[in-house]
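Just one chain is shown here, as structure tokens, and it is the form predicted on its own.
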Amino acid sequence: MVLTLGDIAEELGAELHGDPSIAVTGLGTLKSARPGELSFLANPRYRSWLESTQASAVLCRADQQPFSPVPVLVVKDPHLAYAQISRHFDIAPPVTPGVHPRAVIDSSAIIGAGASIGANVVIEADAEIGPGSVIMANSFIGAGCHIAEGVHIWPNVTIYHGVVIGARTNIHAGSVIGCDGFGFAFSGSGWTKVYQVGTVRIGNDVDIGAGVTIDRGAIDDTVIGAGMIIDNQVHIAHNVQVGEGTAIAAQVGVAGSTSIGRFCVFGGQVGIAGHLQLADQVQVLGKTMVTGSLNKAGTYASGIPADSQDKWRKNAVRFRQLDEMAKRLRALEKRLDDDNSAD
């Protein structure tokens, strides 16, 4: 793909300081970019790289423009502008519409116009694939699934029966959508399976990473809101409901029947217990364990940052002594109160 700086400035509504005819043929970081590539500066800590960059042009804010030795496209949010322009340089191989001869499709399934169905794909009875959707090799679409237009399902994805996927959703390789939730009743001597009779409903414009598992609902549906972004190796359990625009980083686990609000952000390896309520715009930092509802927007954290082994061992011992220390402190406070009362 070749664009000129003039093309890019027009698309982004950017203020261009430089020759609009300069061609851009690729993307690069400030440190590694070569002539012909576009880069961006979002974090001021990397300004020294801006001053020595070999890029043909840089996206940056107005206050950074004087430090650039190369043409600049001034924008309000350089990272967002970079994201918007990056689509022109996507290196994924093009997809050809049509059904591969080795695909297995039930006669009752509906395949929309312009859809692409890859080799060894299985599509079961009464499933519907929307126009322009892509189902790549070895993926499985269960009976009665409804996949809207423009969905992209990468190789080796498993979509169980009855799942509903909204338009333009992207699901990466190895993900499993709609498997049974972890529902069992204990009899005292063994476990009896609770059959999961709900499904999974995924909104429009959701991006799901590789190796993600989203369980079907036990009774009510599991719901993934529109515009969500989910990183690799995330597990979302049965009956969870997540609001639109929420972002979940890698290795997060959400236990059953928890409700998460809109535009929340969860860092890597966060654990969220079941049957909780999390408000809109909650941000939880990495490795935090959420054991109670979070009813107000804001940033939450737990866990112990890495430290030297000697310090960590000492602090671990003190942590185990906290309850005893708290009791002693309360006793001292009570004695002081009693002495003050006596005076």
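Quick caveat, the model's predicted, so the values are computed rather than measured. When you see a residue number, it is the position in the sequence shown, counting from 1.
Beyond the structure shown, there is the form predicted in complex with another copy of the chain, which is absent from this document and is the topic of what follows.
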Option touching another copy of the chain, based on a heavy atom within 4.5 Å in the predicted complex, out of I111, V164, V176, V74:
V176
I need to confirm a contact call. Of G253, G225, G132, G261, which residue comes within 4.5 Å of another copy of the chain in the predicted complex, counting heavy atoms only?
G253
May I ask you to check whether G150 falls inside a 4.5 Å heavy atom distance of another copy of the chain in the predicted complex?
no
For L27, is any heavy atom within 4.5 Å of another copy of the chain in the predicted complex, or not?
yes
Contact flag, W312 vs another copy of the chain in the predicted complex, heavy atom cut 4.5 Å
yes
Would you please decide whether V104 lies within 4.5 angstroms of another copy of the chain in the predicted complex, comparing each non-hydrogen atom pair?
yes
For the stretch 290 to 309, I need every residue with any heavy atom inside 4.5 Å of another copy of the chain in the predicted complex, listed N to C.
V290, T291, T299, Y300, A301, S302, G303, I304, P305, A306, D307, S308, Q309
